[in-house]
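Before any questions on binding or motion, here is one chain by itself as structure tokens, the form predicted alone.
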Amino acid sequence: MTSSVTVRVPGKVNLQLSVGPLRDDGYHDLVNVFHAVSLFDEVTAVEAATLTVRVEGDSAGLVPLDGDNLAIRAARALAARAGRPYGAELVIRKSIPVAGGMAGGSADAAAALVACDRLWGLGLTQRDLLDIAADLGSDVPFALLGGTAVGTGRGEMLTPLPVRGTFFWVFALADGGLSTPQVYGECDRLREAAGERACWPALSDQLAAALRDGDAPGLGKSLVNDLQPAAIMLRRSLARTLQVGRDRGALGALVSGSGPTCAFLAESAEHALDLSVALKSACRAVVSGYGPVPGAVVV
């Protein structure tokens, strides 16, 4: 029997995050175009009597080790689906920014589902894992699938989108994180203060065409994030970071998800290097990557 399983899982950038009206259940209807990028966490599930978690790597001290940890919650949900108690030590090696709007916690939950399913010999289908993932959070199902996909509902109902070629990205990391519920709350507050009524969101035809055609300039012009004004209101320095990237020729620039990571689309790998150098003075750290890449996979 396997004594340990390691799964590699990517972070994501939201190419379109359109936020609809607030629903009765406290969530918003979304159109959320997820794009998996080559910033990876690794989660190893090791045979053990009980469920525990240990975190290594970038900003490891910011990751909860109790019941709030999404990877632990994922493993518990998987054991509950199997109908019996299981144990594992989950070792998370972080490279995806913590609380950075790139779904690092959700990625770790997806990886824990895949790793524990293999470790415990459950043999669940991807559909089964996606059902469990949807109950854990809106971003978890996409981390299982990877690639590029549009999410509707809370973002958990996914449809893959066709993509031609590879897109090159630079990510400016900020000090500290932003609370996703706080950013959504600020978005609602700003809309109410402006007398703005939220429209029902729809997938951007221009963005979908740019992805299908491998049109990086067209994609850059189509990037949109309805949460960006709220994230900037809560972290004013993000406006300067975005402007630095635009001034250095980024094809597109936006706050990733609920922030505070800022994402910049580059013309090429060489241009990404130039952007990285320029952005170092405007943020805590800079990392680069490319997409799309596959979702959670055993390595």
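Position 1 is the first residue in the sequence shown; the rest follow in order. These numbers were taken from a predicted model, which means no experiment stands behind them.
Below, we refer to the form predicted together with ligand C5P, which is not included among the displayed structures.
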| item | value |
| --- | --- |
| Ligand C5P in the predicted complex: contacting segment from 79-87, 134-142, 207-215, 165-173, heavy atom within 4.5 Å | 134-142 |
| Residue (of L238, L30, V53, V244) lying close to ligand C5P in the predicted complex, criterion heavy atoms within 4.5 Å | L30 |
| Residue (of S222, T148, S95, T180) lying close to ligand C5P in the predicted complex, criterion heavy atoms within 4.5 Å | T180 |
| Contact of R189 with ligand C5P in the predicted complex (heavy atom, 4.5 Å) | no |
| Ligand C5P contact at G61 in the predicted complex, heavy atom, 4.5 Å | no |
| Partner proximity in the predicted complex: W120 to ligand C5P, non-hydrogen atom cutoff 4.5 Å | no |
| Residue contact check: G67 to ligand C5P in the predicted complex, 4.5 Å heavy atom | no |
| Residues within stretch 207-225 having a non-hydrogen atom within 4.5 Å of ligand C5P in the predicted complex | none |
